[in-house]
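Here you get one chain, nothing else, as structure tokens; it is the form predicted alone.
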Amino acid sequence: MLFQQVIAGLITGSLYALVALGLVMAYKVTEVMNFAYGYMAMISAYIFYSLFVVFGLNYASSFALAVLVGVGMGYVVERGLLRPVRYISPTSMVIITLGVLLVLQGLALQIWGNEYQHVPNALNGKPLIFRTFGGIVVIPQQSLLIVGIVFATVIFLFLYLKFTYQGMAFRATSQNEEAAKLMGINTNLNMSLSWMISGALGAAAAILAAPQTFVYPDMMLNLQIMGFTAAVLGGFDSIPGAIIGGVTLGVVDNLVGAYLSNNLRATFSLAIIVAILLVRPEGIFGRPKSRRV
């Protein structure tokens, strides 16, 4: 029983990690908390639903096109709405994301309504079953697909940021924007890229979660809260921290639901945020920000 709950927590935590990673990618360069993140992802999930379920397009093509919509939304929000006020009022950028949230929520209600739309699993074959000292563990094929896609995404992102010129330029911009400009790096491009990658990660998380959560306007609300908690836990400027924080939170959240109460899951997550902010505001893997005086 315990091992089954841990495995289920790792699967859920992989989605939390993907959401947290998207939040961190946008924040690292622009230092803007995107409160519209979940609703941008929700639109991509609706696009996927329309292509895959309504029009009958195959899963892979529907997935790719919906993720591209997420990329496009990330670019439009950063380039068209946030950048014009970036050096005028940082607070305005946060307010803009709240406005985008309301617009996207209203748009979804107008186009698709508020009914729960079902998205079938991509894989429905025989689950993976194996015995442990604690009993039988069952892992559905859809869960294996989720973990596989998240793992491949994390590896790709690591290789991109570590070994490509654009990835190194991205890291330089996130560490010191002014120094990156002096080195000839196009920081504006990296700001757009950060939100485009964030949009893609959010879209992928929403699509993978859709068979369990159904597709409706507020489908990503809980995932965004948990992703935010994972990012706070790991550190908002730490990509490895977002991943580890998400996986850890998934396991803890699942154990709380199994052995204490499902009603305590959200409360426990919020308690984690408060505790981390009080003890270590920069997160477990985050770096304290030094200020010159």
Partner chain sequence: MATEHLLEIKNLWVKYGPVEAVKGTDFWIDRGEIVSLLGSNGAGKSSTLRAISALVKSEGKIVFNGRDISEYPAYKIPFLGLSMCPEGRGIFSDLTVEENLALGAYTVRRNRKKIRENFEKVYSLFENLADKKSQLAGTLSGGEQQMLSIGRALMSEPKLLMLDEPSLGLSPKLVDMIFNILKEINRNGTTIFLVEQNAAMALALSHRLYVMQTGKIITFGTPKEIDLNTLKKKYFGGV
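Numbering follows the first chain given and starts at 1. A quick note: this is a predicted structure, and the numbers were derived from the prediction, not measured.
What follows is about the form predicted together with the partner chain, which we do not show.
Participant: Would you mind picking out the stretch of 164-172, 78-86, 93-101, 147-155 that comes within 4.5 angstroms of the partner chain in the predicted bound form, counting non-hydrogen atoms?
Facilitator: Among the listed stretches, the partner-contacting one is 164-172.
Participant: Can you check whether Ala179 is within 4.5 Å of the partner chain in the predicted bound form, heavy atom basis?
Facilitator: Ala179 belongs to the contact set for the partner chain.
Participant: Does Gln141 reach the partner chain in the predicted bound form if we count a contact as any heavy atom within 4.5 Å?
Facilitator: Gln141: no contact with the partner chain in the predicted bound form.
Participant: Give a yes or no for Met183: in the predicted bound form, does one of its heavy atoms lie within 4.5 Å of a heavy atom belonging to the partner chain?
Facilitator: Met183: contacts the partner chain in the predicted bound form.
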